[in-house]
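Encoded as structure tokens, the following chain is the form predicted alone, with no partner shown.
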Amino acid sequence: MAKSRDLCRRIDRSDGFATLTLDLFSGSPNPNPCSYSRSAKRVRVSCVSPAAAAAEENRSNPFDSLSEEVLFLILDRLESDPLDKKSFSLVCRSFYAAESRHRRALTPLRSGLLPAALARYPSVSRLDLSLCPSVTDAALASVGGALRSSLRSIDLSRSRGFSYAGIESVAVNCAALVEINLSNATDLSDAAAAAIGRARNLEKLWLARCKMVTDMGIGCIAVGCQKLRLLCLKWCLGISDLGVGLVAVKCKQLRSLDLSFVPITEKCLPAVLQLPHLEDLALVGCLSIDDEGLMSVKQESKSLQVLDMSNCQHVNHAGFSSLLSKTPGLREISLAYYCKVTHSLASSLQKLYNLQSIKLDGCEVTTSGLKTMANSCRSLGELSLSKCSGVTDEGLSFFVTKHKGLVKLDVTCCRNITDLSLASITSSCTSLTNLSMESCILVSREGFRLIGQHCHLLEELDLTDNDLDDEGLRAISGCHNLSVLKIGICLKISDEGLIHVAKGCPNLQELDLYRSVGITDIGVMAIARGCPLLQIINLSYCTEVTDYSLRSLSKCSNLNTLEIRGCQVSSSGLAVVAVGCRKLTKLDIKKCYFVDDAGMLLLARFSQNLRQINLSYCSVTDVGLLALASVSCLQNMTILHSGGLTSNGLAAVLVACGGLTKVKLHSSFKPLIPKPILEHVEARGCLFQWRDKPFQVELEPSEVWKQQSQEMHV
């Protein structure tokens, strides 16, 4: 439920019911839901069955005297967990009506639920249908009819099954509509684009991967939706310079334009740069733009602040420098997987006085280029050199000493830097909040201790695949604001170091210990006790982790992602997690050989928010899998080499799980499952991935796995 300062609390009881404690009048900033002081008046409301609620309506109810303003104030303090608001709505008639009028956002799991949901919530302004694998035109017509005056935003980014007719119903009837997300609707054509053009008040439109939309369709949108402020055309392969030019001429209010991987040339850039309010322009992977074309562009854009030209393989420093001279207001630049970063390229940044962020991921960076960049830029706050070759101690040390105000630094896989670089980073950039140093293999364990000694403001730290030890973790535990810590494949850390983290980092929300084999139940239990806000933990292939760890993690009520593949856990431990972690949405139990149907039965009963599960190599049979079919939220399943499953059982589960969007199965099942069933499930919007992986029982020792991984990067 809510934090201590909230007006509403939920207290789970042993009888399966929940109690809401409403603190309406307390002036205390931290009211205690279990105490009853004179300064706070509280009402205890049991979450009862619908039948009992109906009976209560026939009596005189004191809650009916509460004003709508007070009820809305209570609802504002409830968290997003739908069970909390459902409990509230079942109290009495006035609470039910208030909750109906209060809700503004709706995210159904299946379009079949829409008619009842729309009747229940007539004031919805944001409708997210991205979790519905299939949305029909009839469903969209019902949306257009029910939410005529209230709907402002609709998201169909991962849905299928609708056509231009459904889009037209929404666009024509919902006059207040300002946002539509149709990304990944690969079947939509110009007819759908013409329907979108009838939404006259549209301000934000996403059409990523709508590959059948052409210049004609985008022209209809440009003419009809002249209030557009954001337009995403990423991977719209049917659009050319003509279509983009029409957008630039008609949509003068555009602030953000994404043309990534669109087959355009420099011909449309003059019109784009003339947009008076354009702030964000993405040209990622525009392979037809070259140096000559950029140098021919004469127009300036003083409003442009963010430019992404990553993976523009035919642009070198000459063309890029020419473009930069016409965009003096840039604050962020991304040139990932670009040309070689040399002295000449870095010099072109000199007149960008407002530049705050540079991303050069995957580039070849020279020492002279990095030094020139350090001198050219004035007040950088973010630098990303992830997977850049050529980064040396000399260049990086020089850079960080010039930019002591850096708050985000990414040197992932910069394999030539040593303790010298880290010493310069930690002594110069003490204001860092984000530091990524995955696979910096030449940095010693002594070097990593400097992080905790100097960078106390860190919130996110990635030290995956490094020579980190327990003394390093002891130092890092001094970073009390740390919320994300990734220390997977660190073979020298143990429970001792993890105990320090648990004591010093109470705000930790994400912890990655993938293949850190020195971790056992003792360390995990310490984390569970010391980090109550934990939401994500990865313990995959920590082979000493058992059910004791799961029992301790069951106390972390906010846990939503649990990855324990290859751990020595059983159904008993999984059951405890299912009961205690009701917000669990992602579960990976691959190669947990002792998890069987008993675990699935309890998981199905208590983990009703579960959306993704990996059951590969588990001892689950048709019985356990059929139990999971009752989890209405389930969308993604991976099931490889589970010997207890039959084709009939799989077929039954596929039919019963109406919300599935992706299923990964072994190819041996494909000819055994009746083709009409597969076609039926695919028609609902589910994508099948068939794999022919060989059966593997023995886990590779982490030292061998790490050596093989490093050899692949050489």
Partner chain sequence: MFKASAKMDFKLRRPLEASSNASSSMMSEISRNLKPGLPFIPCDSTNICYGARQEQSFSEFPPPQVTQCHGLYAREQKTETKNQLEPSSAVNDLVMDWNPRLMLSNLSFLEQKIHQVQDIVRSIISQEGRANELAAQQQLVTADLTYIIIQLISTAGTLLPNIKNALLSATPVAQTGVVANLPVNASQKHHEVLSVELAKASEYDELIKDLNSGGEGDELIKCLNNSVAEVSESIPIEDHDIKDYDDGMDGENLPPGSYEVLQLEKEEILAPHTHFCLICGKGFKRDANLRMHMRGHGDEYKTAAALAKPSKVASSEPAIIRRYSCPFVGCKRNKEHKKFQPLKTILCVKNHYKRSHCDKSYTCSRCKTKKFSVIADLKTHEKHCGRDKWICSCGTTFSRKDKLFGHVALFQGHTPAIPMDDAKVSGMSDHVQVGETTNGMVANMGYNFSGNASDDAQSLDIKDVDDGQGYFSPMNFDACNFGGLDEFPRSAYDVSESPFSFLSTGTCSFIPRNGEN
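Keep in mind that this is a model prediction, so the values were computed, not measured. Numbering follows the first chain given and starts at 1.
There is another form of the same protein, the form predicted in complex with its partner chain; it is not shown, and what comes next is about it.
- Query: Does its partner chain come within 4.5 Å of any heavy atom of residue 547 in the model of the complex?
  - Reply: Result no; residue 547 lies far from its partner chain in the model of the complex.
- How about residue 265: is it within 4.5 Å of its partner chain in the model of the complex, going by heavy atoms? Contact check for residue 265: no, nothing within 4.5 Å of its partner chain in the model of the complex.
- Message: Given that its partner chain is not shown alongside this chain, does residue 354 nevertheless sit within 4.5 Å of it in the model of the complex, heavy atom to heavy atom?
- Response: No.
- Message: If we define contact as a non-hydrogen atom of the residue within 4.5 angstroms of the partner, is residue 242 a contact of its partner chain in the model of the complex?
- Response: Because a heavy atom of residue 242 falls inside 4.5 Å of its partner chain in the model of the complex, the answer is yes.
- Query: If we take heavy atoms and a 4.5 Å cut-off, which stretch out of 633-641, 503-511, 244-252, 141-149 is in contact with its partner chain in the model of the complex?
  - Reply: Heavy-atom contact with the partner occurs in 244-252.
- Is every one of 198, 215 and 219 within 4.5 Å of its partner chain in the model of the complex, counting heavy atoms? Every residue of the candidate spot has a heavy atom within 4.5 Å of its partner chain in the model of the complex.
- Query: Which residue, 194, 559, 374, 627, has a heavy atom that falls within 4.5 Å of its partner chain in the model of the complex?
  - Reply: Comparing distances to its partner chain in the model of the complex, the residue within 4.5 Å is 194.
- Message: Using a 4.5 Å heavy atom cut-off, which residue among 554, 189, 614, 184 comes into contact with its partner chain in the model of the complex?
- Response: Checking each option against its partner chain in the model of the complex, the one that comes within 4.5 Å is 189.
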